[in-house]
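Single chain ahead, written as structure tokens, the form predicted alone.
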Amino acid sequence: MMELETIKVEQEGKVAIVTLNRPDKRNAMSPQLHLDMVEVLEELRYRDDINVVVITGAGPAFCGGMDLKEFFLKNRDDKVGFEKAYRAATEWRGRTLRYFPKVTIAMINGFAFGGAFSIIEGCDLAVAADDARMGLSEVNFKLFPGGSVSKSMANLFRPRDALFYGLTGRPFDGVEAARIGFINYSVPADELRENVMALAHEIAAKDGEALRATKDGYRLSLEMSWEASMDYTLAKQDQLTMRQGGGWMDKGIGDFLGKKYKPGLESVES
């Protein structure tokens, strides 16, 4: 599909595979990588032939966190350059991924440290190799999980787990990440890609507008009262009907009543 300086994008059916492509740096995030990701996600946002975006890393690492030299030291005296890179870094891993109109899956194939946590948390789903190595190592070099990472910890970790791993800087593997709820599940490394792509294709086969509405309904209802959420999801249902041209009501319910499929056991044909 497209290949930028630090990002490679491929397409399999309705699934886009976005690969952080700095394997010699364990895919650590440089200012250029952040700018490239902004460009990639903006392109994929409007692709009608894409329903799911899988994010992974080239080589044996998912993402080694922020490239401290490129991001902080080289930008020390460049206020504008630092501000531009910082804004891109926080936006795409936070607001952009969280409210992205496509389903996003983090495929964690190896090292994932520091700032990589915000990529994982920003994605809708996350699957890791059993032996993937993750951690919040900032405290080990007199720093703390800053930027968007502290918020990512607060969003997904239980308080005891967030403080334990934040204060000790200890690494943990994919099995532990699943146990504490940081990811959905883990699988043996040699099964990771096949497993995640099967999941991605399963989701991508469903109606794109219904997928988007599911995400919006969940994400935005977190911030609402019960009454506001009820009003919002009712309006969202009307919007979905309009965008589908009546699809869920006519084809979904209609096909169910016509005994063409069994909801809960199978999906209605697109």
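For clarity, every value in this text was computed on a predicted model and none was experimentally measured. Numbering starts at 1 and runs along the sequence shown.
Note that the form predicted together with a small molecule isn't included here; everything after this is about it.
The small molecule in the model of the complex: contacting segment from 43 to 51, 63 to 71, 229 to 237, 199 to 207, heavy atom within 4.5 Å: Of the options, only 63 to 71 has residues within 4.5 Å of the partner.
Pro101, Tyr218 and Arg243 each touching the small molecule in the model of the complex (heavy atom, 4.5 Å): Spot residues vs the small molecule: no contact at all.
Residue (of Thr90, Asn155, Asn195, Ser137) lying close to the small molecule in the model of the complex, criterion heavy atoms within 4.5 Å: Looking at the other structure, the residue within range turns out to be Ser137.
4.5 Å heavy atom contact, Gly115 to the small molecule in the model of the complex: Contact check for Gly115: yes, within 4.5 Å of the small molecule in the model of the complex.
4.5 Å heavy atom contact, Phe111 and the small molecule in the model of the complex: Result yes; Phe111 sits at the interface with the small molecule in the model of the complex.
Contact test in the model of the complex: Leu33 vs the small molecule, heavy atoms, 4.5 Å: Taking the distances in the model of the complex, the answer for Leu33 is no, it never comes within 4.5 Å of the small molecule.
Any non-hydrogen atom of Ala28 within 4.5 angstroms of the small molecule in the model of the complex: Close contact exists here: in the model of the complex, Ala28 approaches the small molecule to within 4.5 Å, heavy atoms only.
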